[in-house]
Each structure stands twice: as structure tokens, then as C-alpha cells.
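Starting off, we have a lone chain in the form predicted on its own, written out as C-alpha cells.
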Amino acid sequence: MTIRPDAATLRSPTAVRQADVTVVGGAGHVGIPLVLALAEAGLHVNVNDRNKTSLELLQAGRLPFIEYGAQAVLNKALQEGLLLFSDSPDCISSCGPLIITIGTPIDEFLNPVRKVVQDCIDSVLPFLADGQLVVLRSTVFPGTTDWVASYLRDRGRHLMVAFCPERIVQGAGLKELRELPQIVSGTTPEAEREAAKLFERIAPEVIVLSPIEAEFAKLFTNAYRYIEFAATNEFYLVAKSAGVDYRRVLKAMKHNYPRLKGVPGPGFTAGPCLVKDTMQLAAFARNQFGFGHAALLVNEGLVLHVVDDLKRRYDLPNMTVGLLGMAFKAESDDTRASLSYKFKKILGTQARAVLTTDPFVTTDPELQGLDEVISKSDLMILCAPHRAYREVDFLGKPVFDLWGHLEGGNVIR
């Protein structure tokens, strides 16, 4: 019998071990859209995560972060008893697939740290049954999937190992899981077949690759996006040095010209994946990935260029600067790897004071209300182009807007 625990407990060992599928890290940004997609397909899902706060929020019918379109699915899954909650490795299901949403991070030297994946495998291994499918879901360093399979064999365990990379944009993951093809791979034909069967339940199409092909597909996708943003940011800097409005040039380039319709506008390129995955690819290439390193210099250096430009225009040491939007992108509450905080740190040594605000972010106790930031600031920087800022009265004060998001005489580029 499968039950949903009440609010007094996060786990019911008998129930969670009978779940159709377990998602480790299931209360995180990668995990929640996947958990809800699986529940929407009628599966009983064990949401396994050490973050008890996020588990309690989900259990109470609340999302711990913005995921558009997910609230109704969460409500329905809870009403139907399709979600179970557990907070330790000993409460995973041993009768269905185990999906691990913990990927390979990078360290302070921009090198991959595979030990995080190994530690996760070690923690769940005693509770897995031979023949069970183990799916790696988040980005891993090339060769990790085959390494995991070998690591398990060396310990006398017979598990099916697959890598099925997530390909969703943060905040719209559930929607994209319904719409985008899913790449799957397995270290054996059986693992590949079982992984395909699982993801065919939630995706419109499945594409089968070998594990290392799938690993590269994930890294190439994010690195390409990062390089693409770097190219347009470099164009912006070149045009700016010539006193030219890059947005006017870009608009003309793209107008009724299909070969350039996908070129993005300039902006602060950040977030938890693009830099990390580009640097993993660079590490794999023994740091012979010139495009990747050049992109890092451009995208991370853009903040420095903006600060230097503002120093030439204004007397920053005698000014209070307000930062508008601390999330890493528009209409998001996610601050991971946000360049807004790089602005805050640099300006902290250049300006009299730095104030911050964001209509979505709830995790930063130093944030102030928008009206207060506007009233106290002498100069503002649009860091995240939230739609709400388009209708704001900035009291005639200068606002630096790299994005081309705002209109008005007080806007500077």
C-alpha cells in the first residue's frame, strides 16, 4: 500500500520503498519538474532530499521556488497521493528506477569535482537491489556514467546505469518536459531500454545515444549558449567603444533576415549551469577550449566594463547605487551564480553605498523594497530585466540598462 505521510513525518519507510520511482534531490530545481512530470504520468514518486525545509513546503502544497505552471500539478499529485517524501538514503525505493539529480560541480579552480557523485552513489548503494535502474540526470563530467557502472561492478553490484540529461530552462521545466525530446543513454542495452521506457512516459520523443555522446550533448548545449551570449556581449562592447548603439545595429541585422533571427541581445549571462558546464568541457579538453575561456572572460568581465564606464560618467564614491534585480535572469527567484552579486561586491569598494531589490527573491535578507531603493539611490543598474520594472517611475534618476529593457530620458546605455 502506498500512502502520503501527514505533516508530522517526512518519511514512511514501508510506503516510500514501494514507490514506482525515486528521485534523489527531488526537491531541487532539477528534481521538482521531473517529480511532477512523473506524477502527472500516474507514477507514485518518492521525493528524496536532505533539504527538509523544501520537503515540508512541497508536502504542504507549496513550491520552494518559482516553477511556472507547476502549482496545479503539485496540488493534484498531492490530492491523489502520488507523492511520498523521504529525507535519507535508507528510504529509497528498491523496486523502481532511482533517478539522481546531483551533478558534477566545479571547484575554485574551475575543475570538476566527481567525488560529489561518488559520495551520493555510496550513500544509496546499500539500499539498492540488483537489477535496479540508476539514472544520472544532472550534468556530469564526460566518462562519469561509464565510471559509475564500473565502480558498481567492482563492488559486486549488478545495476543498470543510464545517463538521461535534463534539458530544461529553469522556471519552465515542467512545460519543457512535456514538449522537448529527451536524450537517453545506458551502459548496457538493458539499461538503455529501461531508461527509454521510463522517459517515454513523460516526453514526446526519445533520442538514444551512447553515454559519452549524451554527456557531450549536455555540455555542448550549455557551452554553445554561453559562447553565443559572449559573442553578442563582445559585439556590444565593440560598438560601444565606437559610440554606436549596438541594439540599433542588431535590430537592423535581424530584421527579415532569417539567418540571424536567433542572435540574442546583450545582457548579464549567469546562472548555475552555463559557466559550470563550459568549464567542465574546458577541463576535459585539457584547457585547450579557447572559445570557452574567451566566453568566460567576456561574460564575467562585462560587469567590470559597466562599472568602469559608470566611474567615468559619475562620481561613484559620493553616490548610492541601487541594483534592480538580484536573480540571475528575468522573472525568476533564483540567485545562483547571479552576476548581480558580483556587481554588489565590486561596487561595495567603489560607491558610497549599494542597495539591492528584487520582486521575486525571498532568500536574501539584505534586499529592500523597490520604492525605498529608488528614493535612496542616486544611480541605478538594471541587473535582471524583470517585466515589472518597465512600469516603474524612477523619479528622473539615471538607470543603466544594458538590456534595452527600459524607455525614458533617464535611461543610460
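Quick caveat: nothing in here was measured; it's all calculated off a predicted structure. The numbering used is simple: start at 1 and walk along the sequence shown.
Keep in mind the form predicted together with a small molecule is missing from the figure; the text below concerns it.
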I need to confirm a contact call. Of A384, L36, A27, I381, which residue comes within 4.5 Å of the small molecule in the model of the complex, counting heavy atoms only? A27
Of T144, Q182, T101, T187, which one comes within 4.5 Å of the small molecule in the model of the complex, counting heavy atoms only? T101
Against the small molecule in the model of the complex, would Q368 count as a contact residue? Criterion: heavy atoms within 4.5 Å. no
K342: heavy atom within 4.5 Å of the small molecule in the model of the complex? no
Contact label in the model of the complex: R336 to the small molecule, heavy atom within 4.5 Å: yes
Since only the chain is shown here, I'm wondering whether A283 would be in contact with the small molecule in the model of the complex (any heavy atom pair within 4.5 Å). no
Assess the spot marked by N48, N51 and E166: is the small molecule within 4.5 Å of a heavy atom from every one of these residues in the model of the complex? yes
Only one of these stretches, 151-159, 295-303, 272-280, 188-196, has heavy atoms within 4.5 Å of the small molecule in the model of the complex; which one is it? 272-280
